[in-house]
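Only one chain is included here, represented as structure tokens and corresponding to the form predicted alone.
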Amino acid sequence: MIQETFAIGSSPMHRMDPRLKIVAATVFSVQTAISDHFLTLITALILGVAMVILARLKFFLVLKRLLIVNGFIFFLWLVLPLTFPGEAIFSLGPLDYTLSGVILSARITLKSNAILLSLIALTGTSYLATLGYALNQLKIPDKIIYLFLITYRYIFVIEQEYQRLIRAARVRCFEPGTNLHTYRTYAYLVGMLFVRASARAERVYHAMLCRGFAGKFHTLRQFSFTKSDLVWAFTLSAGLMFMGYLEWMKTTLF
């Protein structure tokens, strides 16, 4: 099952209105993604770290998530400077390690970490079901919300079906390797997984119809926008406007 570890807590970030979290995370991520200047990106990273600190999240768990993303970014540092045109810093045989590639890699690193930290601190501190209800009150199309909630609910079931098929293959003495038999077996396994998922979807749909489902989920859960949420809204808006100001100034410090 998906472990919603960060959703457990009583910090100011946990108590914030989920609707405000979604809007703030979306705007922050978009603004960070379209920014180019290093001072803006460093500011975004600092804001992301500050939000994680305010959420009182365990450092080790946050670092574990960051390592997964930065493991991929590490390969960008190996590839981009060697393939991006620009002034060479040093050469590796026929390949030049360019300054432009290093700058691009640094921007991607800052953007990725800042966005990930903000998403952990904002959306990660709410349960996925709560985010679904909040999206409903933000007037997001119903079908998107249903797809989000049902996928979250049944992805565990599909994973259990996959494990059951793997166990059945192992009982039959299947040993994976780099041969045609292994590729064919995994192809059959994936095909059977799709068949079982389709059959499960039909059963779930009929069960929902039996319970009166008419294309809309009804919820009695309501969110209240408190004074503290208003303070958070102004604070986050000020941080975003400051980032926009830094980007607009086109600073030449870096």
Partner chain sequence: MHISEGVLSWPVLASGAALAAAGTAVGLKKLDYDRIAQAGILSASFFVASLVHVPLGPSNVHLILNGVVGLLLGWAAVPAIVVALILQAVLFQYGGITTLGVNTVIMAGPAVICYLVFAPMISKKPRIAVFAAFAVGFFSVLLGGIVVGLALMFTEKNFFEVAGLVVAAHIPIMIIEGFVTVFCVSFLKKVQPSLLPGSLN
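Numbering follows the first chain given and starts at 1. Computed from a predicted model, the values in this text were never measured in an experiment. Here the rigid core means the biggest group of C-alpha atoms that line up within 1.5 Å when the two forms are laid on top of each other.
There is another form of this protein, the form predicted together with its partner chain, and it is not shown here; the text below is about that form.
Between the options 102, 138, 150, 168, the residue in contact with its partner chain in the predicted complex by a heavy atom within 4.5 angstroms is 150. Although the partner is absent from this view, residue 95 stays clear of its partner chain in the predicted complex, with no non-hydrogen atom inside 4.5 angstroms. Put simply, residue 172 is far from its partner chain in the predicted complex: not one heavy atom of it is within 4.5 Å. In the predicted complex, residue 42 stays away from its partner chain, with no heavy atom inside 4.5 Å.
Contact annotation: residue 63 falls outside 4.5 Å of its partner chain in the predicted complex, judged by heavy atom distances. The partner is not shown here, but in the predicted complex the stretch 20-57 reaches within 4.5 angstroms of its partner chain through a heavy atom at 25, 26, 29, 30, 33, 34.
Superposed on the core, the two forms differ at residue 192: its CA moves 2 Å or more between the shown form and the other one. Remark: with the core as the superposition reference, the CA shift of residue 128 between the shown form and the other one stays below 2 Å. For residue 36, the Cα coordinates differ by under 2 angstroms between the shown form and the other one after the core has been superposed.
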